[in-house]
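Below you will find one chain, with nothing else, as C-alpha cells; this is the form predicted on its own, and questions on how it binds or moves follow later.
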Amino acid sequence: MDKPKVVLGVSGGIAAYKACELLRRFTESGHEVRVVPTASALHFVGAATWSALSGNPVATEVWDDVHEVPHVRIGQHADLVVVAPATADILAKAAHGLADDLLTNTLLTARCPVVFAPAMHTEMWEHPATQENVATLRRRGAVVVEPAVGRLTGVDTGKGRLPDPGEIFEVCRRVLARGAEEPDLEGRHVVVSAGGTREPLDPVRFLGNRSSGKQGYALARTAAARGARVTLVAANTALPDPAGVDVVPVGTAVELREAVLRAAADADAVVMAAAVADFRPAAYAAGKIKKKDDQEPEPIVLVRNPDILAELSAHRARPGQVVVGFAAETDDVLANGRAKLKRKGCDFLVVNEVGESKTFGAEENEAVVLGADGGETPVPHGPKEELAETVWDLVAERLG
C-alpha cells in the first residue's frame, strides 16, 4: 500500500524546532512527509535539517522546480496537511485565502483534512482578530487545536505554547483515520472525565483504584480530532496532556464532581469515563495512622460519595445535553450494565469487564455501548481509540 502523504507546514515561530519531533513521529510510523517551511521558519531550523529528517527535498519558494508546479501539486497529492507551529500570521493568511508563498498556496490547493497547531504569545492568541480567524478556519472544516498553557519565550507564561509533538501526532493520526469525513463535533463543547479518584485516609494513605485514565484520554483526543472544544477532568493520571484539550486536574470524587458540574454548564455532551470511588473514609486522620503492637487496627468507617453520573443525568445543564457513563463490571456484565443504565438515567452506558489483567492500564479495550432506547453497540477488542470513535459516533448522531 502507498504510504499516507503528509505535508508538514512550519511557520516562523520559536517552536519550529519542536516540529522536528513531530516529523520524526510521522516518518517512523510509515508516513511519507514533505516539509514546507516558510521563509521565517528557516531562521529557526534550516532546510538541510528538514530534508535529512524527511528524506525528501525541501522547497520554500513557488519558483523552485517550476516545471513540477509545486504550488499546486503538493496540496493536491496530500492526504493530510498539518501546520505546526501555526503563527498568528499563517492563521490570518489561511483564513483570508492569501497565497504569497509555497505554504499558503499549498493550503489553498489542498482538498484533504487540514490541522493547525497554533503557537504564539497569549495576547496574540486572545486577540479578537486571531479568534475570528480561528473560528473561520473551523467553520470551513479545518481542525485547529487549542494551544497549551506553559512557558513561552523569555519569562512569559500563559496560553499559547505549542502542544506536545507526540500529542499533535495523535490528533493527526485520528484525523487521517477519518479521512475526508467532516469534523462532526465542530462547534460543540464536550466534557470528559478520566483516571481514578483517591480518597485520603491520612497524609500518607488513600483508597484508590487501578484506572490509568487511558480510555478517557483517548476519548478526549478523539473528540479534539473531530473538532470539539474539550474539557478533560483528570483524576490522578501520569499521562501527557492531549493536544488541544483543556485539562483540569482533580484528586477526590468531591473535587471531580465540582469540576465536572462547572464544565458541564455549557457542554453539549458529558462522558464520565473516570473511575469514581463509591465510598470515602468518614474521618480523615491528620497524622499518619500508626501500627500498634498486639492491637488490631480500628475499623475504617466509609460513607457514600455523591453519584455524579446520576446527578448529571437528572439535572441536565442545558436541553439536549447527552450524558454517557461507564460501567466497569467483573461478572454478569450486561445484566449489571442494563440495571445501572436504568438506575443512572444516562443516554448511553459503556459496559466492559475489568480485572487485574483486563482493561486497566492496557492500550486495548472491549465493550458494549448500551443505549437508553434499548440499543446495543458491541465494540470488539482493539485500541481504546476505536471505542472512543464509537462513543462519539453515537453522541454526534444523538446531537444531530
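Residue numbers here begin at 1 and follow the sequence given. The structure displayed is predicted, hence computed values, not measured ones.
The form predicted in complex with cytidine-5'-triphosphate (CTP) is left out here; the points below concern that form.
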item: Answer range among 49-57, 33-41, 368-376, 336-344 for contact with cytidine-5'-triphosphate (CTP), defined in the model of the complex as heavy atoms within 4.5 Å; value: 336-344
item: Listed residue that, although cytidine-5'-triphosphate (CTP) is not shown, lies within 4.5 Å of it in the model of the complex (heavy atoms), from I308, V250, L102, V114; value: I308
item: Partner-contacting position among L80, V276, V144, A267 - heavy atom within 4.5 Å of cytidine-5'-triphosphate (CTP) in the model of the complex; value: V276
item: Non-hydrogen atom contact Y217 with cytidine-5'-triphosphate (CTP) in the model of the complex at 4.5 angstroms; value: no
item: 4.5 Å heavy atom contact, G325 and cytidine-5'-triphosphate (CTP) in the model of the complex; value: yes
item: Contact of M272 with cytidine-5'-triphosphate (CTP) in the model of the complex (heavy atom, 4.5 Å); value: yes
